[in-house]
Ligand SMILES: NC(=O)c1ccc[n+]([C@@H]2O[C@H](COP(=O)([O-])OP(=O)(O)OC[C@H]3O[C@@H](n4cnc5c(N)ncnc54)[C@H](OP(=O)(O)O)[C@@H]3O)[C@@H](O)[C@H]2O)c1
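Here you get one chain, nothing else, as structure tokens; it is the form predicted alone.
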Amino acid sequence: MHTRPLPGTDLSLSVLGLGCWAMGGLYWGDDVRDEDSIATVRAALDLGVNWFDTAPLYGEGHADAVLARALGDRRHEVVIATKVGVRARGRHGHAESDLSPAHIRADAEASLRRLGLDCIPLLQIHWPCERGTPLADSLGALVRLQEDGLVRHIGLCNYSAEALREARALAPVVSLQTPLSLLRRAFEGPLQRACVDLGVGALAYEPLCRGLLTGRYQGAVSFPDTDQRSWDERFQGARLRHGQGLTADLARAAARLGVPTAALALGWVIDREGVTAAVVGAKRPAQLRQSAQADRLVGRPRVWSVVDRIASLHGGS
């Protein structure tokens, strides 16, 4: 699989990283099994995926435990990106971002224990603070973790262009994880420009819009109450029909290219300016093998001109 340097670091990331949220079990339905998750991690390694994105919030630490078990000693050979700052409130409570220096350190140290690491390769703030801690104080805590050798590089998730510029003036932020797909294109514009101008690598998440852009979900769809897509408006009414229409046209183009629909949707994301790599989720190896074929499309601008025309027919986003 193609790799790209993460700007400002000594890390080189495969263009697809495996997202571990579903491995945690919570919010992803009743068909999540640890043995499938472990098989998916090992399939990722076989496919050339060299980085894995997790977080304490994913199954309240369960995703970390599964990832560590699946990787075994190979956890020292790959890049594990995790996150910091979120306090879970049980299965039905609202998770809240606490970026106080004390919580950041405690959260990071707990992640190190669960993952079996001495140093976290990339530690990201999960989302902006909801408790009023100044950004300078939060970033200062991350820098101290770097100085103590517990964190190699630091990044942000879900921050605006303005906040990214502010953060970069305060600390050596190297990455921004942000949503980007053919159905969610807010990255394009000021945020994309900020990443390029500052030399910050964009790590795109939800590139398949929680599975909608795989083409798997046709007609009326339903999910169990344990799956967050049961209340996601993108899987309901007019928004679902819009997504399905775009995906149907995308599927026809993918068939002509001889790749799965998911691969074409992913390839478009990883070839956007400023994007270093995309985070793709998978519950089972077969799903990941389909997504991994996006690697075959890297560097093919004529393909993306066709996809852009398809997107424009459906309102562009």
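When you see a residue number, it is the position in the sequence shown, counting from 1. Fair warning: this is a prediction, and the values are worked out from it, not measured in the lab.
The discussion below concerns the form predicted in complex with the ligand, not included here.
Colleague: Sort through 114-122, 164-172, 211-219, 142-150 and report the only stretch with a non-hydrogen atom within 4.5 Å of the ligand in the predicted complex.
Modeller: It is 211-219 that comes within 4.5 Å of the partner.
Colleague: Wondering, does residue 64 line up within 4.5 Å of the ligand in the predicted complex on heavy atoms?
Modeller: Answer no; every heavy atom of residue 64 is more than 4.5 Å from the ligand in the predicted complex.
Colleague: According to a 4.5 angstroms non-hydrogen atom cut-off, is residue 247 in contact with the ligand in the predicted complex?
Modeller: Heavy-atom contact with the ligand at 4.5 Å: absent for residue 247.
Colleague: Within 4.5 Å, heavy atoms only: does residue 284 come near the ligand in the predicted complex?
Modeller: Answer yes; at least one heavy atom of residue 284 falls within 4.5 Å of the ligand in the predicted complex.
Colleague: Is there a heavy atom of residue 50 lying 4.5 Å or less from a heavy atom of the ligand in the predicted complex?
Modeller: Looking in the predicted complex, residue contacts with the ligand do not include residue 50, since no heavy atom lies within 4.5 Å.
Colleague: Given a 4.5 Å distance limit between heavy atoms, list every residue of 187-208 close to the ligand in the predicted complex, or none if there are none.
Modeller: 205, 206, 207, 208 sit within 4.5 Å of the partner.
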